[in-house]
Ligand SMILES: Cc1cc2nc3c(=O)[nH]c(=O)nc-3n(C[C@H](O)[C@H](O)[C@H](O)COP(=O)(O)OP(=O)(O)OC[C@H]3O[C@@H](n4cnc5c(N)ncnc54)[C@H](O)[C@@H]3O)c2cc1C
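First, one chain by itself in structure tokens, the form predicted on its own.
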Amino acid sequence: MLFGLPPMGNQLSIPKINQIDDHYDVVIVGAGIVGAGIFRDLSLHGLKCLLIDKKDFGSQTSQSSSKMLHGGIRYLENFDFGLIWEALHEKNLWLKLAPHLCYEDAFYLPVFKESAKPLWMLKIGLFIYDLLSGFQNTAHRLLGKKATKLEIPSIKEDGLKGAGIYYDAIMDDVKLTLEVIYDGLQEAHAQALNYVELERFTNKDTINDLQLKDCITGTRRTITCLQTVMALGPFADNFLMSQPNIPWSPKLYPSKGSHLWINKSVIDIKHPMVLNTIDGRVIFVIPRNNAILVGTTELETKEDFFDMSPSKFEIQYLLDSLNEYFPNKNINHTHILSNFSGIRPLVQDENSRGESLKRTSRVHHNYQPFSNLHIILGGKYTTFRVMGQEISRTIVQSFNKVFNSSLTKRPLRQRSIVLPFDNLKKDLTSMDLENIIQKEHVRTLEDLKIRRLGLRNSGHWNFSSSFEELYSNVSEEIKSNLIEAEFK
């Protein structure tokens, strides 16, 4: 893994709920990527901001993506050209701003005799994709059958016609969310708290009262703010309907997406692939470090949205889809390293009602029940920076400040101590763990393992020393600040 620079100064000192101020210019509720982006934007504009989340930062939908910054190749079918244009330009911006967290890669899209779109039609689509990027993407290519087999030896040969190759970006969704927050925290007037939930919201004309609760210690307190932003993702409807002081009706069309991490030795691929399933889904197969990511599903669900896991059906669906393309590999449950699920907060509107989930638009929507309460729903990870700027602009101007849309085009100033891609061969030490715990808002062992180290189980571990060995040498004083059990 690649190690970042040590945290700078004391900007990332971690406050407790009883140490925060009584009043803020803005409180942002929800520390997924959208809330993180708005928090950073407002902090860079000099506003006194507090960011809170009921769980760890980026621990729900924002850690459950397909790990891509992309325009959305499948949205060409929906003619969502505006969304694709915006997403491709944002993708290429982040390749420049955070090259330690994302990189461009070639995506292979195989075509078979029975495919809905032949190679000539695919070529047109890939040209449009490059066009919408302003030709910032590396140019697409087409391969014939023989060249495709050379590139992907294990792919099924029956009916194979060739493949299209286009370029998008691979990224680490959790690390990008965290570093966006860390960048906002470089401003002296900004604070962030994980495991702190909003229990009650009350609007009092120009002031909002917020009753907060620390979910680990149980400590409660009430603070006030002039503006409140709720970036709650898939949890928005349930929370807002529970608040008698907020007029709200359901807006979301929640979609469960599940992924598998499988052993990299199972399939001999060097670059991501795009698989079109019989039922019209798109599944990405993405090699990364010592594993391959496979996903995603897209199912309506009524489960509890927090800390989700794939169903047996979803796991088998993904395995069956892989075996359809790689029939000689017999990919099965023994090859799975880990899995994860999340909920996409798709928004119902007149254009999406009655549509299948795979055709529902990813355009975001803003709502304003009160003049100083802003709610953002929908959208996609890649466009998080621009999604929040309508709200950021409104809030900044309400403080008689000039809004500068280019502030968030600056590079992120604070790197994580452990970075996701294996570019340097440097081992991890117990001191590194101590620095992460002290500087990167770690409150539970799960935070440390999954979101700061990328360790879901031993199959994801790239270091010579075991985690248990390293953690045993962390000072007891530092360990005492950590909740050992996984927080649910």
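We number the residues from 1 along the sequence you see. None of these values were measured; they are calculated from a predicted model.
What comes next is about the form predicted in complex with this ligand, which does not appear here.
Note on the partner interface in the model of the complex: the residue among Lys175, His374, Arg344, Lys91 having a heavy atom within 4.5 angstroms of this ligand is Arg344.
Checked against this ligand in the model of the complex, the candidates Asp53, Asp41, Glu440, Asp447 yield a single residue with a heavy atom inside 4.5 Å, and that residue is Asp53.
This ligand in the model of the complex comes within 4.5 Å of no heavy atom belonging to Arg451. With a 4.5 Å cutoff on heavy atoms, Phe306 counts as touching this ligand in the model of the complex. In the model of the complex, this ligand sits within 4.5 Å of a heavy atom of Leu198. Under a 4.5 angstroms non-hydrogen atom cutoff, this ligand in the model of the complex lacks Leu47 among its neighbouring residues. Per the 4.5 Å heavy atom criterion, this ligand in the model of the complex is contacted by stretch 224-232, the sole one of 92-100, 363-371, 128-136, 224-232. Residues of 273-300 that come within 4.5 Å of this ligand in the model of the complex, judged by any heavy atom, reduce to Thr296 alone.
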